[in-house]
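A lone chain, given as structure tokens: the form predicted alone.
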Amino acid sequence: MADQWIEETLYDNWGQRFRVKQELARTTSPFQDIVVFESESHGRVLLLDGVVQITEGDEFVYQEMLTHVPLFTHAAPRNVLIIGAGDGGVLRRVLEHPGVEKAVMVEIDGAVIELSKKYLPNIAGDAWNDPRAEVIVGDGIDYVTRAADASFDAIIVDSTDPIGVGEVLFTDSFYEHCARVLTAEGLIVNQCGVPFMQADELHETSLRRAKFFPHVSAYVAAVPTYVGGFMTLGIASKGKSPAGQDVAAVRVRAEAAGILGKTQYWTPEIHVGAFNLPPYIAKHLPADKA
């Protein structure tokens, strides 16, 4: 029998493909095409509209960096808003922080949550049942628009690229409302693409956030299945600049939280060093206002 392959369709001139052991689910929700399959190399893989979102093999890189960096950058995050992240991996990492009292997750596509619970249970673990978690199937834009002023310390946006269902999460209006619902020291993080292939995404998103946040920066993570080199994670803060943190201070907090030594990618050294950007990435960021 011939091998079965699934090819990612993010770019029309470059890509990657996976040899499939078994296709587990294929459906079309009201928002997007969803495929879950078992690969030979990366474990189970989730694709949305033909684009790799997460794999069991390397999900820890993206999830740890998207979560631990902002939560150890903020002095004392208690209330966290997660937009997207239907696989539950970000929710799991947020809840690893004992100081977090409430984590609200708003995912627009309930089918992603249900398929992740069924076919990717190890990514979220027991996070779905944590009493601190509130999981809402709904529109993240609408939620932020209606949320009270200064109701969250951190916002983590785990979205698709700014096309299709994810496009509205990259607008001026969205970032303006995010700034409003964040506390005085609040910050927001979201993926800004692979700048070797998607430089406009980092550049335009950073300019938009700079209208509402005094500190706009980015840090990098090397996620094997996000092809093209470093993935950038954009971070904007109402308080202190997230760049130039102290490794020893981050280590003290990670040890107190019980997270130090339990991660596979994030460390205090990686946390601080990830803000040291290569020039080809740094040139797409606006100058800090402070």
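Bear in mind the structure is a predicted one, so any value in this text is a computation, not a measurement. For every residue, the number given is its place in the sequence shown, counted from 1.
Below: the form predicted in complex with another copy of the chain, not depicted.
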Pick from 195-203, 177-185, 148-156, 128-136: which stretch has non-hydrogen atoms within 4.5 Å of another copy of the chain in the predicted complex?
-> 195-203
Residue contact check: P224 to another copy of the chain in the predicted complex, 4.5 Å heavy atom | yes
Any non-hydrogen atom of Q22 within 4.5 angstroms of another copy of the chain in the predicted complex = no
Would T263 count as a contact of another copy of the chain in the predicted complex, using a 4.5 angstroms cut-off between non-hydrogen atoms?
-> yes
Answer for H42 alone: is it within 4.5 Å of another copy of the chain in the predicted complex, judged on heavy atom distances?
-> yes
Within 4-23, which residues come within 4.5 Å of another copy of the chain in the predicted complex, counting heavy atoms only?
-> W5, E7, E8, D12, N13, W14, G15, Q16, R17, F18, R19
